[in-house]
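Let's start with one chain on its own, the form predicted alone, as structure tokens.
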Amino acid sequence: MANTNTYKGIYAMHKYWGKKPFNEISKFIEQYSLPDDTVLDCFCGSGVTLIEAVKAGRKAVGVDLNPIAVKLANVSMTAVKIEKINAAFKSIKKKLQKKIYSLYEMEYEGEPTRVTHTIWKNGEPVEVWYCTDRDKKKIRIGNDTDIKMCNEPAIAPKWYPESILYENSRINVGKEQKVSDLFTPRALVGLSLLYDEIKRIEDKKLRAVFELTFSGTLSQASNLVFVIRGRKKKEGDPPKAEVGSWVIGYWVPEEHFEINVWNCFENRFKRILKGEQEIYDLFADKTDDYMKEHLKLINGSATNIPIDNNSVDYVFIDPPHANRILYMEQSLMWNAWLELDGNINWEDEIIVTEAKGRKEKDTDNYNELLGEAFAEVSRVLKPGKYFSLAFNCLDDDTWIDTLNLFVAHGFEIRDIVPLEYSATSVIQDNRKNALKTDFVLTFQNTGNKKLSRIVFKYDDIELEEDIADILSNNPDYEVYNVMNALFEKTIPHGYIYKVSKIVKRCAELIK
């Protein structure tokens, strides 16, 4: 199921972890459900499954514990007139652009200038990009005035979050580190002015659009934007600097950008506007009553879904894969700025994390809660209907535990296919021998609670023969291709080889 689409339109409005290719998700929905059927995604994230379900004439139920995910999914299916969005942006621009720009304006070499980008290294402004009335971009070395304007801005900030991030070395969060520590004092002023103005928008649907514009702005306005050093212009010059982006975690690079806050906001708005136009084209003709009937969004836990027994026709989920993506810890920057972090239910997150304040979130807790979620799926999914799971993991125990959760709840495997990431996926795993696809495992709700457990097969000779046979017919295969082929062969027969052994044997056989 090769994917040739990158994120665009609706799906490019806002970063979110582990988005799946929408065009492939729609194929699963069309294969395993009919028009007017109800499709459930109880780990709905940014809402890809829900959007594609409603587009296909299905009813959609989305559940997620992460408040920003539910907000993003809701905005992505709420039509707002483009004229109203543009008018609101013009109003914000009129009130704040000059004020925010003033934080970056200074006289240099006898003429007024405005800073667009500053590259900081070890607390020093090593490179400053600026514009004048005559030139769109000039570059100079930073000076003491740059330091003062950044660290002692002339305008006092409005409210900004002081929320404490969970200490976790894996995502580069130190002890007592705050969300506000991710930004320069100057950026905090500009962002706080924007958020204060957005909160004043009376129309709830319109305000939600700009809340997402704002939260989408945060990463590029933070200290998390790394510097890409490219080719030298000429001999003796330093390598040319290019703007990177926030990828994952809260790592502040030794050399990072500080970008003009207003420019970040306006650039994000342009992307939001394209998405909003697509949303309007898709959903403007659907009445509020139609959307209430066809879409149910719940900020809650997959372990307790407030819908009736046997009320769902198809389930597609992409739950957290153990500790691969720390969804809510890495969303705290967004949730804190939008004041959504006060009532987050951290205890029910289905995750494995190394965070020091979340020691209970281990493999046992993960398996227990994921089992409760599967039990809820079994309860709400109609007998004989289908349940698909997107899964990506290199850990042996996680694979076998997850497969046997299906078995324990009466789900029998019917299909396994690889699902490639979008070309612009935020969370593509580039480690050597990493899985470059998810697997989508589709099960049928048979209600048979006496199914045999899936076990590991320890026959190294047979494993090597199977791998050699696959490679003889497909000499260009990589490790993940071989794994796809092996799982398709073995899981329906009730066993798998250990992933660690597959990787090791592939490394020996693939030259």
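In this text, all values refer to a predicted model and were calculated from it rather than measured experimentally. Note that residue numbering follows the sequence shown and begins at 1.
What comes next is about the form predicted together with a small molecule, which does not appear here.
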item	value
Proximity to the small molecule in the predicted complex (heavy atom, within 4.5 Å), stretch among 297-305, 123-131, 187-195, 168-176	297-305
Partner-contacting position among Pro161, Gly216, Pro319, Gly275 - heavy atom within 4.5 Å of the small molecule in the predicted complex	Pro319
Proximity of Glu211 to the small molecule in the predicted complex, heavy atoms at 4.5 Å	no
Close approach of Tyr327 to the small molecule in the predicted complex, 4.5 Å, heavy atom	yes
4.5 angstroms heavy atom contact with the small molecule in the predicted complex for Leu65	yes
is_contact(Ile350, the small molecule) in the predicted complex, heavy atom dist at most 4.5 Å	yes
